[in-house]
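Before any questions on how it binds or moves, here is one chain, the form predicted alone, in structure tokens.
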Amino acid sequence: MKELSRLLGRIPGSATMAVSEKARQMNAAGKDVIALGGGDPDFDTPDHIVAAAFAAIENGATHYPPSKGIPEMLTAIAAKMARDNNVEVDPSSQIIISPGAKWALHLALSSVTNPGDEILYLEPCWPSYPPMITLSGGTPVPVSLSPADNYTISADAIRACVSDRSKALMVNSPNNPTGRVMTAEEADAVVEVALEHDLYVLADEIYEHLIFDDRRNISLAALPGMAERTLTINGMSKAYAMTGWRMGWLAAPAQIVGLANKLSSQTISSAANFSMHASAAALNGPQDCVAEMCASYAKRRDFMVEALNAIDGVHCRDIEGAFYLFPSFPGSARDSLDVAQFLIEEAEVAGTPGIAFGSTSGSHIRFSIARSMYDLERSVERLARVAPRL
């Protein structure tokens, strides 16, 4: 048989999906594994959003929509960005809707990257960033942030990784996996280097509404000099508990969106028609549901951070946003792969090993708190029982 794709052969599988799949397999075999590896909210999609989808289906929204998205959702996204992000975009030319924010990231990378271009990304990062850069034809370049200063972004750290081949920088705030929220000083550092070296910035804001303790999201596209070089990626999955609806978007300068639309129309054609109607209802409708879910995550965070730090051999920083904890096991000689394997086998608690998020992650394990308090309480009890053996 002829050789298959070398490129795809070099791409690793998703670490978070692998953890979730192992937990499913163990549960199917009769184990009681508590899966804290994934990023799927445990809430149901709010009723008014579901009702909008049914109404759309009944009204015939079951045919091909425009490739960039239906006017109702494009307009809703533009209004949301003006209202929440202080970013003005033309709904007809500067937004494209995608089946999930992950595809929006792919569209963004593919639209700005040529072979040999270097794409910088802040590390620790979501594990899909480096493979997605490679798939777009670029070269991934990590900007390693240190846990010693709580992963603070600095202009010097970014600048040290810039070369004459650098094309773009990827920024994720609130951050997966660290839970950090970018400060005004850190945003200024990103802007400083982007303008200095003529970089595009891919701003992944998927967790923007899940921020705690009166902090606020800073949209890089709203800052001086950044509108023409910022590609904002967002979606419905996290804030509205709509992971299965597969609904995201890219907002960017018109020329970039035009290129993204070429790729989208030649591959997936469009996002799902009725999902877009439901998403427009979510963006335009009452936001109480988002606030309620965020408040619940904040309570779970408070419980878990205190409970984990009460366990000998575990250190867990507080988090500022998103719904992940990133504790370390500093007394253990094991690396994060070994720690994760030990925890799933001995405690029947599944977390994602820190190495999946970058080389600076040491013995860290990412735990999702998008689970019920009952499951979180049981997880802490199990971790406390086995931690001395680490």
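All values derive from a computational prediction rather than experimental measurement. Note that residue numbering begins at 1 and tracks the sequence as displayed.
Unshown form predicted in complex with a small molecule; subsequent notes refer to it.
Engineer: Decide whether Gly37 counts as a contact residue for the small molecule in the model of the complex under a heavy atom distance cut-off of 4.5 Å.
Structural biologist: Judged by the heavy-atom cut-off of 4.5 Å, Gly37 is in contact with the small molecule in the model of the complex.
Engineer: Is Phe326 part of the interface with the small molecule in the model of the complex - any heavy atom within 4.5 Å?
Structural biologist: Phe326: no, not in contact with the small molecule in the model of the complex.
Engineer: Any chance Asn176 has a heavy atom within 4.5 Å of the small molecule in the model of the complex?
Structural biologist: Looking in the model of the complex, residue contacts with the small molecule include Asn176, since a heavy atom lies within 4.5 Å.
Engineer: Do Ile11 and the small molecule share at least one heavy atom pair within 4.5 Å in the model of the complex?
Structural biologist: Ile11: no contact with the small molecule in the model of the complex.
Engineer: Please identify the residue among Tyr121, Tyr240, Trp126, Tyr200 with any heavy atom within 4.5 Å of the small molecule in the model of the complex.
Structural biologist: Answer to the contact question: Trp126.
Engineer: Of Arg229, Lys102, Lys80, His209, which one comes within 4.5 Å of the small molecule in the model of the complex, counting heavy atoms only?
Structural biologist: The residue in contact is Lys102.
Engineer: Within 4.5 Å of the small molecule in the model of the complex, counting heavy atoms only, one of 327-335, 37-45, 57-65, 340-348 shows up; tell me which.
Structural biologist: Of the options, only 37-45 has residues within 4.5 Å of the partner.
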